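The same protein chain appears twice below, in two forms, each given on its own as structure tokens and labelled structure 1 and structure 2.
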Structure 1
Amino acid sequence: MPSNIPRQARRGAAIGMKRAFILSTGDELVRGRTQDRNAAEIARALSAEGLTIVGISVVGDDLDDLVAVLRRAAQEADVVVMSGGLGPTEDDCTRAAAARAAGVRVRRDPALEEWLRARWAERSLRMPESNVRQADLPEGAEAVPNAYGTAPGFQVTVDGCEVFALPGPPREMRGVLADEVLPRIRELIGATDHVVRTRTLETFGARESDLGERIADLMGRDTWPRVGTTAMRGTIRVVLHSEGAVDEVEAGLDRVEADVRQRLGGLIFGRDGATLAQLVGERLIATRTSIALAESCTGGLVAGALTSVPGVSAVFPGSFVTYSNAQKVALLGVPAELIERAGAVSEEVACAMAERVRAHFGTDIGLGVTGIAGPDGGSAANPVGTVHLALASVRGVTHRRVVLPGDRALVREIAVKCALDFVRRALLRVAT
């Protein structure tokens, strides 16, 4: 957004705000058609600035409901950050709701209108007249520039609380929050030695209950920093949280993290949102260890996860998705007699897949995955959720059998994580 949009002088600095409320708007959110990811991102960002999150609400596109929730949020917090409802259609009511909550009218901002028309002209498009509504602001509000889209945000005071309205699309929200809103909040807060910090340790390979038993004494309600666990579709996240002076917080988190790492050991694969695919891909690249895949029940999902890592092409020449028995024979050369005797979902076939794909591509590692994702096809010996993993290398072939819970989608998703973790642990053994 260009500099010709006037900015008011910043509202009084160092107001001492500490409490924040997050508000997401949209019928698609309250009806479950779209998942609200903005609130979590905003909460993390505000917490990192030292604010305490006192509430998060999701409200549909109803003016009266939005006004009521906004007024309540303004009473409970020093700052409210909203996302959504800044579009050009009649159901985009954030501007009107903020104006009513503040007890003012909505006005048209000529500079914003000029910028909007110029923005459309830059694309050689004529702006629909409905889009001019995006130049409306509550009286007394300050426009918050949006360099990522056509919906400006704004800042307005409601009952002494500073309210920031951000666009709903995640990319726009993220950019405006980082570029514009967080600097304004820092200016309003002023210098402070109070911080809120959260670290996460990502783990795989143990049930949440088993993992919890190992760190139970660290999870008491009276312990500090606070420690908790969150299950995320097979992955268990250990969350460390602390508030206070910077030095004390960082020292406390360092101490507890070291303790958790000592207790959980190899179950921990990363920190702060790291994924198994990211870790395995980067480790393969760093050690120049090449890998090829032969997948059956996962249908190429392991390859898809691995190729999300930039630069992995240096160590990943290709893979086979051999979903049918015929293709296990034709593409990999797995003996038909072996499949008939042992079954397609078996240790023998998984090992043959791993060996054959490694030989075909000439890689350091070959990984074979075969299983029963369901909902049908299980038996007493091989129930639904059974997955066989095999890894072939110069050291020989290792095998692992797992029986995974859940529906078809969850079995496949966790099978991918099992496969990546199998490779991760093999790479650790080589390193040691």
Structure 2
Amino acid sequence: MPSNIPRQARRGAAIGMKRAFILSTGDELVRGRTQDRNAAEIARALSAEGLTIVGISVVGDDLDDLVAVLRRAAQEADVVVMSGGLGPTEDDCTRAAAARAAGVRVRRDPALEEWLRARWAERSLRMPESNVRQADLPEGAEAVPNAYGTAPGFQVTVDGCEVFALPGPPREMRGVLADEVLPRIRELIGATDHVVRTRTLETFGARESDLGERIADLMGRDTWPRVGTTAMRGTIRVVLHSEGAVDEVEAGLDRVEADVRQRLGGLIFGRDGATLAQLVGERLIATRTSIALAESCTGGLVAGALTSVPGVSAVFPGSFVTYSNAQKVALLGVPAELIERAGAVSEEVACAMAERVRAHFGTDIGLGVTGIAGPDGGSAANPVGTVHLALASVRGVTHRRVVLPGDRALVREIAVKCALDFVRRALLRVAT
């Protein structure tokens, strides 16, 4: 956030932007036995509505903890959206916690009790009497219907802050959020010209630090749009984020995106979550460029990535996994003496694999990948992580050697991306 703007403005308040706090509850969540996905989903939904998320908290099924966090959240935010703790059992204490935070009693809501019994009757089930406590509400709270289950939510005001309590099961939370809560929040914040927009530019082929240096001056904390980078297992994402009046925001993002594209050029392969596999697969199909693969260290994962793209069968007849040296000879006809002389993990063998697999399948492109994924097999000359890639086409064979970081899984995963990126760059040359 820009440091030259006073905190209030930075958090959006001064420009009439509402602040939201998200709260997930459950012992299984706070102990990490279940991964909480509700908070992230709610955060995305509220951000899209133009709210600023000031924080996310996860607390166990403990009344005191819940009351404390709820009170604090109500002070920090205009809206609190919480999920979980609405079940019928002992440790579901959201109703009691909200009541205590609001300084009111819990009372049974007759209409809600009726609704509850009706829900069970609909499914011709007898409601366990213990479940009747799901008809309890903090005094002054309004029930929020749940069309997806038997646990109703509610809305209550805690010192001026609107608190929405949603059921914990993701499917129910999702439904109630969309049907009931987001519409109420839109009313609450009223018509606002304030929008929040994020664009991401997906890059491959440079280190995060090198890439960061190229756009360092755009990444200052006091410039809008905010520009940041995130590295994800080999791919580096440039995130452009801005908020404010819609026209200024879009104009600002266009300007910075153009600037970043100019500086990073061919490193950028897509936008907003595009994957290399998707891009390469689609471009192969679009340009009717056929491809065959000979994989060693990636063991079929490059083929697996390509075939994640529907319709790729039009350009991908098939491929070899030549995991043993014997099969590099038997299937591809790589000369045994070459493997003997240069080593299975070498430029020579990678190139031979690419040329021969291309010839075997009669495709436009042949790709060969051979390397050392580890944990064993490394040497001073060829440390673990060494991967040789070769691409054969009508233009001849090109080769790349990379030394990748990480464990076996990461080396293989990044090797797949290197292979796909190698094809992407070859296709770009075709295109130009």
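Computed from a predicted model, the values in this text were never measured in an experiment. Here, residue number means position along structure 1's sequence, counting from 1. Between two forms, the rigid core is defined as the largest C-alpha subset superposing within 1.5 Å.
Undergrad: Which number goes with the form predicted in complex with a further copy of the same chain?
TA: Comparing the pair, one sees that structure 2 is the form predicted in complex with a further copy of the same chain and the remaining one is not.
Undergrad: For residue 207, decide whether the Cα shift between structure 1 and structure 2 is 2 Å or greater, given a superposition on the rigid core.
TA: After core superposition, the displacement of the residue 207 C-alpha between structure 1 and structure 2 stays below 2 Å, so no.
Undergrad: Taking 2 Å as the cut-off, check whether the CA of residue 379 shifts that much or more between structure 1 and structure 2 after a rigid core fit.
TA: Shift at residue 379: below 2 Å after core fit.
Undergrad: Do you see a C-alpha shift of 2 Å or more at residue 69 between structure 1 and structure 2, with the core held fixed?
TA: Yes, the C-alpha moves 2 Å or more.
Undergrad: By how many angstrom is the CA atom of residue 155 displaced between structure 1 and structure 2 after fitting on the core?
TA: Residue shift at the C-alpha: 6.6 Å.
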